[in-house]
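Okay, so here's just one chain, in structure tokens, the form predicted on its own.
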């Protein structure tokens, strides 16, 4: 699709009209264009489109644009202020209110999907069908079945799909994972992950339903999610904080999928485990007096072959654990390894030998040494060029997202669930199994 007639600025009326264009059909049928079939310039540049230029999308854009071979040629957002911020970063990029117009363009090699969580599956799958490689933010989906369809689409269309679990590109995370895998802290029997903070009593506050602002295409923002009246907290965009849509079940999964995915991804990276075999969870909204639906206090327990893992969050008390408000402890027979975004530390267990007390392992302390977010986006760009598998391939991201989603299933049903990771089925619980899928609002389909 030629962009020669696209205006640089779109007024409100035209913005909403273009966002709504094509809504008769929820899917766009475009002719796939394999990247290696398109004539490329001698400098081997990667042309990128951005779907969602909110706070995370802008961060992804900035990191991608630090790669010398990247050109951002298209930016799409259904909220004009966000669109303007994206264009300010890439003034030569064309702007759109409908992501399908980006996917129609044959000059786009790859897209960054940084839309709200409930949009990730459709945006990523349609991009794969259109012959684009994809960088998709975590969590990749709101329901487990959506994630598997994303993997299938990437494989069917031969696409590179990197998931935004950027800690996998952190050098100290990689080193810490290797220490765990190599047995340096002995046999790991327990892992603990946590996030603590205090937002009491008001949290995100309360707001009445009302009319959407004129610069927002609310219907397109909802997309496949249920029809709801506009509410500023469901939409959630603010310069002062991360968007609050993440605290509503229609669009996301609370702290479990916002932060839990990051920690659980590293747990599975370090232990080599693909999936838990059983999950239970307890918690509730005990303290915060606000509009959110997701719990302010939660503990999820995952049974893996050979060890257990807990993820816990509390939003009404910020007392740290071992002076840390978030991170992972790997408890092994010979030592404990703590890791967060600042670095990692190994604290040895001790043993008695005669009259002496000896350390079972070596005390180690390592600080973060790279910008893992920049390096993660650059890994994606290099994989687009080389066609090698990225460090956080969609299969890996799907399994990490699934683990977090299963914590929410256990919490919402109030039952311990048994999980078959090979078939991706909950065993013996049809009620819990209903949470593995979600309905799409017409005309959107997956």
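Since this is a predicted model, take the numbers as computed values, not measurements. Positions refer to the first chain, counted from 1.
The protein also exists as the form predicted in complex with a small molecule; that form is not presented, and the subsequent description refers to it.
Checking 312-320, 202-210, 132-140, 349-357 against the small molecule in the predicted complex, the stretch whose residues place heavy atoms within 4.5 Å of it is 132-140.
Within 4.5 Å of any heavy atom of the small molecule in the predicted complex lies no heavy atom of residue 403.
The shortest heavy atom separation between residue 52 and the small molecule in the predicted complex is within 4.5 Å. When contacts are judged by a 4.5 Å heavy atom cut-off, residue 242 counts as touching the small molecule in the predicted complex.
Contact check for residue 95: no non-hydrogen atom falls within 4.5 Å of the small molecule in the predicted complex. Shown here without its partner, the chain carries 260, 327 and 411, none of which come within 4.5 Å of the small molecule in the predicted complex through any heavy atom.
A heavy atom within 4.5 Å of the small molecule in the predicted complex is found for exactly one of 173, 247, 302, 119: 119. The contact with the small molecule in the predicted complex, taken as any heavy atom within 4.5 Å, belongs to 341 out of 157, 149, 106, 341.
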